[in-house]
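Next comes just one chain, in structure tokens: the form predicted on its own.
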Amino acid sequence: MHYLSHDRLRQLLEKLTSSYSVFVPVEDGSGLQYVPYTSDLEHFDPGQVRAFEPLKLFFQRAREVVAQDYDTDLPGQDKKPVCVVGAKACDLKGFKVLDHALLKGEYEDPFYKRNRERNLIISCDCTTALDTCFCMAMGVKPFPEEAFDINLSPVEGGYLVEAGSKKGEALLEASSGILGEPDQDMMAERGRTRNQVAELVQANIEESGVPDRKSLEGAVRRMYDSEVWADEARTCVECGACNTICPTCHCFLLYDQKNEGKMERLRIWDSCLLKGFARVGGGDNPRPELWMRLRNRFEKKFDFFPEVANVYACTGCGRCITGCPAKIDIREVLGRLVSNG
């Protein structure tokens, strides 16, 4: 464990900009957004809560070129890797799902694999909670415990710093000149902050009635033919925001286009809530009704992934609640499944 002052963190980020495109969370009036770090950036805070954008944005791009003509090299090899500052535990848990889907199957996603190997994650403890946060109900604490290279825990005047990977250890060793030794007061402060945030999240869970993980086991399967799905889908506008903003959703669509005389194949995020998502040749669709597509989203998160990967594909980040224009609340749906099942 080390201590890093606010000014020294800026020194570290300045150093990292030579090797990485560094992104930090900045408040823009509607929430935290990741923006490129520059030396003249007046204020950023890696603590607080998760950013509006999911961390997956830096590892599986929303839109990217995956092939050009018949070139066998992967596009984008010459781009700088990314350093994301302020990633939160709910986003880091998303890697358990993304890694399983994109790296552990018959084929590896070469772009995702490259980003996982090259990109740097400087995570940070949450220092407060949004009223939509329910991470602890999904087994995630409001501070990172894994899947980071370096983690920051805000304390008076700076941060407690710990490495979570060999890459992180090497970076801290190379930066030893700007690191200090923490004292017991700092360690105690970290513990108090973590407990306070956990209490806020637990209060959210109790107020919104989020079921615990044990009671969710088999809930979707038991309620597969329930009227809950059609009832919840009544207000859905089929925008797909819940999928695109989710830190674990990873489905994509491939399409071709001509660009400056060359053919390109692109990949973009797709959404299982969209009617054309599962449509096959001839126009047949196994999920023609919107309520079926809504059910599919829950089935994958709370039935399929627990079975195949032993993990719920929901991190309790609450982004889908915030992003849904129809105000469909995943916590309420889960509560209905358990109480009626």
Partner chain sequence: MGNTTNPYSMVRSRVLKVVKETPTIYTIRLKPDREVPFDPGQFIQLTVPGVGEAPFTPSSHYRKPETLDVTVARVGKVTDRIHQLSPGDEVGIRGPYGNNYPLEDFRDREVLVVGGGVGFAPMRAVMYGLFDIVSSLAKLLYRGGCRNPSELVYREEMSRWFDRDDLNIVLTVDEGDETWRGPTGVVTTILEDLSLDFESAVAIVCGPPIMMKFSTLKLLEMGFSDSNIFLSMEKNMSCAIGQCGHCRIGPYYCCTDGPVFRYSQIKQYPNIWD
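Note that the structure is predicted; figures quoted are calculated from it, not measured. Positions refer to the first chain, counted from 1.
In what follows, reference is made to the form predicted together with its partner chain, a form of this protein that is not presented.
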Of these, Leu200, Ala147, Val210, Ala101, which has a heavy atom no more than 4.5 Å from its partner chain in the predicted bound form?
Ala101
Of the options Glu181, Asp185, Asp73, Glu156, which one has a non-hydrogen atom that comes within 4.5 Å of its partner chain in the predicted bound form?
Asp73
All of Phe52, Phe95 and Ala230 within 4.5 Å of its partner chain in the predicted bound form, heavy atom check:
no
Looking at 211 to 219, 239 to 247, 169 to 177, 111 to 119, which one sits within 4.5 Å of its partner chain in the predicted bound form if you count heavy atoms only?
111 to 119
Counting only non-hydrogen atoms and a 4.5 angstroms cut-off, does Arg61 reach its partner chain in the predicted bound form?
no
Does its partner chain come within 4.5 Å of any heavy atom of Arg265 in the predicted bound form?
yes
I'd like to know if Phe252 sits close to its partner chain in the predicted bound form, meaning any non-hydrogen atom pair within 4.5 angstroms.
yes
Quick one: does Lys258 come within 4.5 Å of its partner chain in the predicted bound form, counting heavy atoms only?
yes
What residues of 258 to 279, in sequence order, lie within 4.5 Å of its partner chain in the predicted bound form by heavy atom?
Lys258, Met263, Arg265, Arg267, Asp270, Gly276, Phe277, Ala278, Arg279
